[in-house]
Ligand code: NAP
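Shown below, as structure tokens, is a lone chain in the form predicted on its own; questions about how it binds or moves come after it.
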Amino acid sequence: MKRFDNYIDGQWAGGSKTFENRNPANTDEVVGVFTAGESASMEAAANAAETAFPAWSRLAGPARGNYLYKVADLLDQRFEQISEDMTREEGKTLPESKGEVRRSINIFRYFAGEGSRFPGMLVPSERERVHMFALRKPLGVVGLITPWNFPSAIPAWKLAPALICGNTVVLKPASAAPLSAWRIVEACHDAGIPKGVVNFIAGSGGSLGTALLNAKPLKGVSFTGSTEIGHWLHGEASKRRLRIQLEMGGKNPTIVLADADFKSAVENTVNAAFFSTGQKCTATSRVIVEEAIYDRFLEALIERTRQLKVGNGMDSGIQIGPAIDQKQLETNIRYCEIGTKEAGAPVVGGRRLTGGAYDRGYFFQPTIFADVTPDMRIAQEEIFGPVLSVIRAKDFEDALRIANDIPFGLSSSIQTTNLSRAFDFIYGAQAGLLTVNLPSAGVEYQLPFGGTKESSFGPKEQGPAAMEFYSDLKTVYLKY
């Protein structure tokens, strides 16, 4: 059983307190034992990052980029091991893990290239012989708080732009799946990134989150996680006027119109609702179907969902893995009880899977509730599991109204062959991420990512927009 220590000031730092990282598909397996960080270790990490900041920020952008290229190469060399680690600690299928690790590698290479661009602004002055321009400068020490559902990609898409902009970092991963982020930090260490530039503290989110926000060197914090914690974080960070970026919950709709490519619409809905066990902030949890095809679509949706294979993500042919832990499993069960009271028994699923290997993991059936109305709790509250509500709409206008009538606004999808309806949706949907004839979940790193309303706060992540959060502008007026 391997022990994984924290990483502070270029050294692996042990401690007396530890916690186990167990496989949610087989709780008999301990994936690793992690050093549990404490307030003192968080303070030490922030101080180390502050000490390292002047030299790292003065390093030329292309030179910082070269370090990121090395990190990507190391992750590529360790691709198989890191992918298997992710499946064992988070539960998603091995093909999904491989896709995520490949994405993390691409993210580091993408932002490594940004070190050679790092655009500022150059504009003409109204005055004679005055040269005006603006340069990008890093914030300083930034804290990164990442979730368990994308334990490699989300640390990558926060860490890489933070570093290329010249910041130094304290990374706090979710304690439910810290190994994938640890592997990235290991690659940073092996790539020779100077000591103190990257620091890693694992452990309890409550105590460590407070310690991070109280760390004097901290200048900004980027968080992905629950809406409840995001609201608390916003309040605490605002007391210090820290720069803050929040990616939180979603209750994402897929609109299916009568003119849609029927087979594709069914497949896209099932993919978005149930793959990754529905544990995506961009997952479809409401499918809003035009009345003319409602019954036919529901029947096809049920049939396709019954074909899904649930099990250990390391096994060939498995499509749906376990819930991340007992708490999430209980949340799935509780919302199915709520849904049964509101809409009647689910038309498929709704129970924990038991017997044989299922008894050693947190396996739950993909679940569909039919004839759900927009005001029901299962249509309004985030479940973060494989539970789908099917809602009837009179027409496109009614469907769009239902889709938007929600506190969240992360992702939204439409299935249609009508180009005008697609553009009506694009301009009318209240969400930050829109897909047309694709699943609502599944994004690439080259474009901005983020939502509206209760789903997000602050500048967008990924793509060129990521530089906006991790840097500021220094404006220069030069008379010659």
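For every residue, the number given is its place in the sequence shown, counted from 1. Computed from a predicted structure; not experimentally measured.
If you look for the form predicted in complex with the named molecule, you will not find it shown, but the lines that follow are about it.
- Note on the partner interface in the predicted complex: the residue among 319, 331, 106, 175 having a heavy atom within 4.5 angstroms of the named molecule is 175.
- Checking 140, 350, 225, 311 against the named molecule in the predicted complex, a heavy atom within 4.5 Å turns up for just one residue: 225.
- Partner contacts here mean any heavy atom within 4.5 Å of the named molecule in the predicted complex, and among 107 to 115, 369 to 377, 217 to 225, 293 to 301 they occur only in 217 to 225.
- Though the partner is left out of this view, residue 264 does not reach within 4.5 Å of the named molecule in the predicted complex, counting heavy atoms only.
- With a 4.5 Å cutoff on heavy atoms, residue 232 counts as touching the named molecule in the predicted complex.
- Contact check for residue 253: no non-hydrogen atom falls within 4.5 Å of the named molecule in the predicted complex.
- Residue contact with the named molecule in the predicted complex: residue 75 places no heavy atom within 4.5 Å of it.
- Highlighted residues 31, 95 and 180: none comes within 4.5 Å of the named molecule in the predicted complex, counting any heavy atom.
- The partner is not shown here, but in the predicted complex the stretch 188 to 225 reaches within 4.5 angstroms of the named molecule through a heavy atom at 203, 204, 205, 206, 209, 223, 224, 225.
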